[in-house]
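A single chain, nothing else alongside it, follows as structure tokens in the form predicted alone.
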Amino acid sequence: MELYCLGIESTADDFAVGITTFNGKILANIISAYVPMEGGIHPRKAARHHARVASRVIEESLKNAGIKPRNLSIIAFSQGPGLGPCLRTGATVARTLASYLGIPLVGVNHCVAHIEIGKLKTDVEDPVTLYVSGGNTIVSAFDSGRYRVFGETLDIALGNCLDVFAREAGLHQSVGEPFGAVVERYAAKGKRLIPLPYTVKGMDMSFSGLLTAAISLLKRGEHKLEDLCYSLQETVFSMVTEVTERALAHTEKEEVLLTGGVAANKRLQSMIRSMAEEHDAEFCVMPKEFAVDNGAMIAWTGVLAYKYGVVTPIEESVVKLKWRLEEVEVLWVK
């Protein structure tokens, strides 16, 4: 008999539901994004969006998968890290489903899930992973039972850096287009590299000073917007490439995985690919639908954990806003 897991992702602006088999076949992956009228994500407004669309997204996922709720074997949910109101909404939905159906609940670390879905969809086995999104910038690799963080942002995430700059510049998005993609489009027309702060401290990165400097230059109006976008991209991508390269040299891994929403950027892909090739490492980038926050990655990671006896009792399913990647014991990787 086929076994199924329904996974719920709700760490930030997306409420997503995925359904996978215990063999890794993805049957459904539905995402409903909260898009603010202006500015960044407001956690409570995003949470209200999640509560409003939850039943519809679950229903659509079950329909796409061709199964009934009674066919589900476990419910997985993103337990952290993330925005409190958003996480709590997803957790409440997950608890309700698991309790009503009388099936196990599995809390999943959002960052671990990005790595595991990457391994599933690209067939890499033991990569150095660069995970870059609106909320996270992490370079990691597996060692001694856990995914270890070899480098990360000390302040804002890379995706957030691009988003804030784009808003300050008044760049306009197409429907459903992330601000990072708009910056990429302008950067492709840039020709002049303008010096900006390059801040790598040991194995960690800082983007806030760089962002402040770029916005200051923008307001002075002395440079073309295309050149500023080009310079911003080149600088931030060089920083994450440097740290990823150091991690690769240190761990002597043979694969590099690029994931997260910013992974769709062609220039970043080019830089990481070139770096990997110089070290004779295989480069893999996640397909966009699985690089962004999605429910399938939560479902699949829930399956992996459940197979090794991980179950989250309802009373222990409180969300973990700052649940770090290396705190998770990864029993299923040897």
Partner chain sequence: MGEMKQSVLMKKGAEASLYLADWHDRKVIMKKRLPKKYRLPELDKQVKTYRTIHEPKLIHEAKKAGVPTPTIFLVDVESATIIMEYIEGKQVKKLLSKTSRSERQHICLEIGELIGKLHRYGIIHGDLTTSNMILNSEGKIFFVDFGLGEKSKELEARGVDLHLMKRALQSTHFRFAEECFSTVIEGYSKMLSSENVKNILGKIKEIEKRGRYIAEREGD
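Positions refer to the first chain, counted from 1. Keep in mind that what you see is a predicted model, and the values were worked out from it rather than measured.
The form predicted in complex with the partner chain exists for this protein as well; it is not shown, and the discussion that follows is about that form.
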Of 212-220, 253-261, 146-154, 107-115, the segment with heavy atoms within 4.5 Å of the partner chain in the model of the complex is residues 146-154
Checked Q173, S206, N71, T241 for heavy atoms within 4.5 Å of the partner chain in the model of the complex; positive is T241
With the partner omitted here, the residue among M275, I41, I31, I67 that in the model of the complex has a heavy atom within 4.5 Å of the partner chain is M275
Can you work out whether the partner chain is within 4.5 angstroms of a heavy atom in all three of F77, D163 and R167 in the model of the complex?
-> no
Practice item. Could you confirm whether K224 comes within 4.5 Å of the partner chain in the model of the complex, counting heavy atoms only? Key: no
Original post:
According to a 4.5 angstroms non-hydrogen atom cut-off, is K25 in contact with the partner chain in the model of the complex?
Top reply: no
Classify E184 as contacting or not contacting the partner chain in the model of the complex by the rule of any non-hydrogen atom within 4.5 angstroms, answering yes or no. no
- According to a 4.5 angstroms non-hydrogen atom cut-off, is R324 in contact with the partner chain in the model of the complex? yes
Residues in 112-133 that come within 4.5 Å of the partner chain in the model of the complex by at least one heavy atom, in order, are none
